[in-house]
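What follows is one chain in structure tokens, specifically the form predicted on its own.
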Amino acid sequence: MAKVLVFIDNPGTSLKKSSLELLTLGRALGETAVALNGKLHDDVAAAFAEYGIGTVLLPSAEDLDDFLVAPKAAYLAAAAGQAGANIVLLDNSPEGKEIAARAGIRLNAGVITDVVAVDADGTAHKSVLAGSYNTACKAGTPVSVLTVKANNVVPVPAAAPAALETVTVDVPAVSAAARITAREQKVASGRPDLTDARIVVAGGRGLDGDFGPVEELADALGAAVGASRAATDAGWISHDAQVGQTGKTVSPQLYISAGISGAIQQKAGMQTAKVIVAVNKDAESPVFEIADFGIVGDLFDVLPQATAEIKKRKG
């Protein structure tokens, strides 16, 4: 049976759905422990126990968040060695990928990113080349480090809760690590995080600067708002909303594309969505080639009607 280590970074007072997905996947692969960076709050500890986690490793240093990723990677590598893990799972965020790469060097481990599923033998499945191919790959090293896309595993608690034990891991000194000198709080939108959201409504050049219809539909659905590069480059919405080859990769249950042509750069960021709905007045737009459902029409007519109908049905 594999020994699995799941890395969770600063969950706060509750675990995100993507973290619960990693715990569920880890438990399916073998005996699972958690390497936690941050304070172990009571609700988080209870969630770990509920999902069958018996061991939580904590760093000896308390200032890992005063640096960029190097100390976190050093801690994760040390935790993997102490736990005897042969599979390490992280989220598929940009920071998660960088931590995975650095930890992989320290562990002499194969690193596989953008994973959507993992078999019992450690074989990882990916959707590559803008979704043109599905691939299966397996690290040829004793330890493999995998970053897993959100919304590809259904979180399932363990049959019986585990008794939780905490273990301290000595963190190797990283004297040359870049230090964070200042932080600025982002204004909370109240919407789900883009990479974790089950539903994403994204807008592009066809909005002509007016994201109102997209935001109203997203709020009616409880969805995150995404955008094409053309929209973010034009300054209509912040760059952290960009979905695509040079933006974020999302894998929601439902992806609604409004006024986006669907060029390969956009396709690369959302191809693994379970259901894709496209709205575009150009019937020849490439987005219709990958959409499960397509509406040829003016998004400024279609989206408000959809929003009104959803609100009506929700009461």
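Don't overthink the numbering: it's just position in the shown sequence, from 1. All values derive from a computational prediction rather than experimental measurement.
As for the form predicted in complex with a small molecule, it is not shown, yet the points below apply to it.
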- Note on the structure: Only hit among 37, 272, 55, 265 for heavy atom within 4.5 Å of the small molecule in the model of the complex is 265
- Query: Ok, 282, 43, 66, 50: which has a heavy atom sitting within 4.5 Å of the small molecule in the model of the complex?
  - Reply: 282
- For residue 253, is any heavy atom within 4.5 Å of the small molecule in the model of the complex, or not? no
- Message: If we define contact as a non-hydrogen atom of the residue within 4.5 angstroms of the partner, is residue 298 a contact of the small molecule in the model of the complex?
- Response: yes
- Message: Please determine whether residue 204 contacts the small molecule in the model of the complex, using a 4.5 Å cut-off between heavy atoms.
- Response: yes
- Query: Looking at the partner-bound form in the model of the complex, is residue 71 within 4.5 Å of the small molecule by any heavy atom?
  - Reply: no
- With a 4.5 Å heavy atom cut-off to the small molecule in the model of the complex, the contacting stretch among 204 to 212, 162 to 170, 88 to 96, 120 to 128 is 204 to 212
